Structures are given as C-alpha cells and as structure tokens.
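A single chain comes next, written as structure tokens; it is the form predicted alone.
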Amino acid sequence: MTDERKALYRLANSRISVEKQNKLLEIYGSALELFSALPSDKVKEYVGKAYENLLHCDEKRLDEELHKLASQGVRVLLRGYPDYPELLNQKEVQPPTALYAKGNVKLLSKPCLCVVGTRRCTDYGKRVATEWTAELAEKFVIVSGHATGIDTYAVKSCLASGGSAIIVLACGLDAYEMPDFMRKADPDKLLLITEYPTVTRTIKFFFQERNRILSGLSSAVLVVESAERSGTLITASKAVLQNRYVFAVPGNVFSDRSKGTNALIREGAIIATSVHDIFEDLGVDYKKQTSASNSIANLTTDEMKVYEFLCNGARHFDEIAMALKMSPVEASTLLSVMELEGIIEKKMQNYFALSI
C-alpha cells in the first residue's frame, strides 16, 4: 500500500478505538509508516484483538468500498486532507481518523454554533430553541444531533428560516432515517456527518462519543434545557475541555428539565437570556429584526393579551377565555385566527401554547 489516504481509511476501519488510532499516528507519524512497521509485537500488545484487522487488508475490497461510497454521494474526509474540519483536528477533541459526510461539506469551513437540549422539552424550551435558532442561523451554521426535542426544534427552525445545519449522527449514514422536513430542505443548506461506517447501527455509547464532535465542530455550545443527568451535559463538559464557549439558558427552578442548565450556570457557564447575549460575547455584530419579533410587533391588543398569558406555558381554553373576559365563542374565534397565523398551536385536551 503506497497511498496515505487509503492507509488512513484502513486504520479508521480497523475497529481500534479513536484514542489508540491517534496515539499510533502520533508515534509513527503517518498511517503508511504504521503499516510499514507491521508485523510488530509492540503494536499487537497495544491494540489487542484488533491487531489482525491492521495486519491483513484486501486492497481490492478497500477500493470497492471507496468507489461505492463515492457513487452514493458520500465523501470520506480524512485527517490532514482538504475539507477535514480544522476545529475538529485538535488533540482535545480526539479527532476521528475518518468522517463520512453527505451534503454540503463547505458548511464545515463556516462559523458553527451547537444547539442542544433535552428530548423531553417544555413549551418554554421549544420556544427558545425555535426563536433563538432562527436568529442564530443568520450568522452561524447550526450544529446539532438528531434527537427529538430541543435538537429537532433547533434544526427545524434553522432550515425553515433559510439557515444551514450540520447534523452529527451517532450511527452510519445508511442507518439514519431522515425526517421529512430535512428531505424537503435545500440540499446546499444541510450536511449529515458521522465517524461511523455507513451501515453502523447506533448503540448508547455512540451518543456519548458523538457529543465531542458536536462541540468540537463549533465555536460555542448553547444548552437550552437539560435534566440534571443527560447527554446534553456531556456535550457541555466536552466543550469546556475543548476550550469552547458554553452558554446556558436559565430555566424554571421547579422544573426537572432545567436543573442541568441552572447547574451549568452555577458552575461557570455563560448565562444567556437573549440571542443578543450570545452575539455580544462572541463579538458578532447583529442588528437584523427577526420574523418572530416582527410577528409579535404586529399582534392586535387581544392577541397580545393571549401571547403574554401563554408566555409562562400552555393554558386551557377555559383559562384563556376567563383571563380575557371573553365568551367561549369570542375566545374560540380569536384563538383560531392566531392558530392560522402560526402564533399559537392547539395541544391535547384543549390546551394552547405559543409557537413563535
């Protein structure tokens, strides 16, 4: 084997941990030098059972794999070569030897900001993720995972507002079922990326590994809502080790889904009470008024009363009618109009919540 790129790809698929792959590259200087040194008792002792994967390689099969990936529109990004994300290529990140990417890889060279949070988010968390991400997407490519809850609301809002998003997977590309809103998005605005070969199914441990890449690709991490123990906090801790900014949105002190974010603030994360806080701390000049703020500014007097009443969470129809001192018919008409305008949405059991 005389091609360093093939040697790197071979090393990436050797089933040796990323940490050990990086150590071997550090010791030998390149993947080619590593394979030239084989067989080696020292390497065998270091990598254990995976040694046989290093020792034996079918170059024809390797070429076929790479050709198949290219025909499927999958780019293999290798350390030390063009398009491999610069921010990821740091020792603190524990960079993967190879990344599998599908979509616009040019997004990796643009300023990125990670938005993450709990799967079981509140209406408050949903609103923050939706409104703030629409603004943040004006200046940053939004990086997030593929979990339900905050991650999904952030990516959905980003793409809906015309922004670009990078989704870091905890599985192979073929094992990921893309939701409809991503399928309908402009392909130039989206990138799927993973360190796992295309057919790899996810396991719990992969999510923890993936989190270092979420933060590693980004200049900063914004935690919207998080429980006291969660993968979101792992992402935040990785960001600290990687010398990234960590922003946390303060939450309800009585809510379990805010305990993590409130704890992050107590431990030194930057408190974010508005998008302006984030832009200011990152030195970003931003004055554009968002569509969400325009919508709020154009509310009628009665609509503003509903908006303010729902700011603290979803309310039942009867509570809203009583607060506005309206008959059921009047309240129903007003809420229907606001729902059509996309200002509120109807929940189960006749509850209503903000959607902007």
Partner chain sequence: MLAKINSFGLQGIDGYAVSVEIDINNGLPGMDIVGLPDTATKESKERVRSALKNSGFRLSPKRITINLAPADTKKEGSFYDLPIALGILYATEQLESDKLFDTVFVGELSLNGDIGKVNGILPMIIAAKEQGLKRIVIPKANENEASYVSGITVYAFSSLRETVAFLSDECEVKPIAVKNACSAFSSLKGKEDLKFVKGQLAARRALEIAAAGGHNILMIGPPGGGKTMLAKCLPGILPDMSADEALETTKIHSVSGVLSSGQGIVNTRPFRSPHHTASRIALTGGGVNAKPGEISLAHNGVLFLDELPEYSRTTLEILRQPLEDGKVVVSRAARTVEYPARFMLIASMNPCPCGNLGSQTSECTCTPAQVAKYLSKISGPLLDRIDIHIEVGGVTYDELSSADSAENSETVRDRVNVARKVQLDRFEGSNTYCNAQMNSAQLSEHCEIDSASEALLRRAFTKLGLSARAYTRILKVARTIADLDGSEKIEKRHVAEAVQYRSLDRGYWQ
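Keep in mind it's a predicted model, so treat the numbers as computed, not measured. Positions refer to the first chain, counted from 1. Under this definition, the rigid core comprises the largest set of C-alpha atoms superposing within 1.5 Å between the forms.
Another form, the form predicted in complex with the partner chain, is not on view; read the next lines as being about it.
In the predicted bound form, none of the heavy atoms of K20 sits within 4.5 Å of a heavy atom of the partner chain. I27 falls outside the set of residues with a heavy atom inside 4.5 Å of the partner chain in the predicted bound form. Contact annotation for A321: at least one heavy atom lies within 4.5 Å of the partner chain in the predicted bound form. A residue is said to contact a partner when one of its heavy atoms sits within 4.5 Å of a partner heavy atom; R257 meets this definition for the partner chain in the predicted bound form. Of the candidate stretches 40 to 48, 56 to 64, 310 to 318, 27 to 35, only 310 to 318 has residues whose heavy atoms lie within 4.5 Å of the partner chain in the predicted bound form. Contact residues in stretch 54 to 89 (any heavy atom within 4.5 Å of the partner chain, taken in the predicted bound form) are absent; none meets the cut-off. Once you line up the core between the shown form and the other one, the Cα of M338 ends up 2 Å or more from where it was. With the core held fixed, the Cα of R15 is displaced between the shown form and the other one by less than 2 Å. Once both forms are fitted on their core, the CA shift for L34 between the shown form and the other one remains under 2 Å. In comparison with the shown form, the Cα-Cα distance of Y124 and M348 decreases by at least 3 angstroms in the predicted bound form.
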